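Below you will find one chain, with nothing else, as structure tokens; this is the form predicted on its own, and questions on how it binds or moves follow later.
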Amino acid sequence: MKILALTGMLGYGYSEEALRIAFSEKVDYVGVDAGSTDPGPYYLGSGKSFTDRSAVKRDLALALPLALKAGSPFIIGSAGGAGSRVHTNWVKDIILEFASENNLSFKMGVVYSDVSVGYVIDKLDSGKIVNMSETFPITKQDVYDSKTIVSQIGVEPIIELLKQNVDVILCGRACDTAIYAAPCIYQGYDRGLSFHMAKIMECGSMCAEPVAAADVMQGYMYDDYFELCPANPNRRCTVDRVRAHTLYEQTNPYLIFEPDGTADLSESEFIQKDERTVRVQGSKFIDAHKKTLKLEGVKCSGYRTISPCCINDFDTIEHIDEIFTTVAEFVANNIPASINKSDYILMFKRVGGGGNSLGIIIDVVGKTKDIADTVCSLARSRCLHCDFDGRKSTAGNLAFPFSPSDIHVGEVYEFSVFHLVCVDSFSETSETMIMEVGK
């Protein structure tokens, strides 16, 4: 069986030539990851995507017609970046728009993976929420404060849709590996090999040389092994690269933890089949004793205003810690009476620098937008004119690369839920719908 990883992230782009080469032989499935928590909690809370709409549409527009023509089910995971219902509908609208523009007809399955506050509270009351870290316990207040909570689904909801003979599967928040492991498991291939191959393929051509998330990777699944080869002839898979990406984001070099269980790589072998292809064999699978899914929830913690600045004077840089302390004390003593010290957080962040040059960002998170703006303005003006022993300049300590100097960033979100939930079924958090597009 042959499966494609279209690119490391939908909207990141890929080579049209590589796509053409990949479809020059039979392709059984096409997959692409469309989201991540790497950019932080903001996108889940705001409902916005960290990828551009035009770029996402471009990546879909090139591959979808080829997949439909070839009869290759197209699987998209973590739609819209964060995978909430809002994000999933955003990608769904792009697909429907493109289908309408090009008179395409196909069967699409959509999996929403949002969960309600009530669902999480019930699980918490029944002792079925598991902390992933001792430093991040969960409380009912965290749950109640959450604006959006999603579950990270595994392979089961995808397999159920494949059984319905859909042409496109659009998933909310999903494990990256589920996108590629699901069709392999559905076709009866070994689960250990399926999850191992999926883990390596999830970032496109990151397992190849030259390294690039933005390109097409080909996976070939057999009964006792799998092979990886980039579609782009300018890249090649090597044993070192494939091994390295096996370790990507893993705490244990021999174990890949998934909702269904654990891929055991302790007996895996990596073989350079030819100049551009690596074969992997010996990976095994251990079923989970307890069924769990990860929950991701966010709450709004304030509003951010920043002021990026440059310092190009050695003496000022030498006294920067003194300046920061002085400015923080000044702000605390000069804020309006209506603002409490607990209503804001003032931070000074250093960026690069060396010798006579240093970049800093005055970073304020306030309870409201007005509080953030007020504190940032005070901090910026005091930092600009703060005196110190031996200071020669009276014109100002800072250079501002932008006007206006203060930039209102907007709402700030933080993770309120980042925990495992024990489930009776891996599909219990999924809401699935099937639609006939273009009919």
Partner chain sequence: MKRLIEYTKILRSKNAGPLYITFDLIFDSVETLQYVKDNLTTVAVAKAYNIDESAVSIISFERANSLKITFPRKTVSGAIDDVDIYGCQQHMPLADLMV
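Positions refer to the first chain, counted from 1. No experiment lies behind these values; they were computed from the predicted model shown.
Same protein, other form: the form predicted together with its partner chain, not shown, and the subject of what follows.
- Not displayed here, its partner chain is kept clear of residue 45 by more than 4.5 Å at the level of heavy atoms in the predicted complex.
- When contacts are judged by a 4.5 Å heavy atom cut-off, residue 414 counts as touching its partner chain in the predicted complex.
- Residue 389 falls outside the set of residues with a heavy atom inside 4.5 Å of its partner chain in the predicted complex.
- Its partner chain is not shown here, and in the predicted complex it never comes within 4.5 Å of any heavy atom of residue 264.
- Here is the short version: of 254, 314, 220, 330, the single residue with a heavy atom within 4.5 Å of its partner chain in the predicted complex is 254.
- Put simply, of 103, 342, 126, 135 only one has a heavy atom within 4.5 Å of its partner chain in the predicted complex, and it is 135.
- Only one of 94 to 102, 72 to 80, 175 to 183, 343 to 351 places residue heavy atoms within 4.5 angstroms of its partner chain in the predicted complex, namely 343 to 351.
- Taking its partner chain as positioned in the predicted complex, none of the residues of 220 to 234 brings a heavy atom within 4.5 Å of it.
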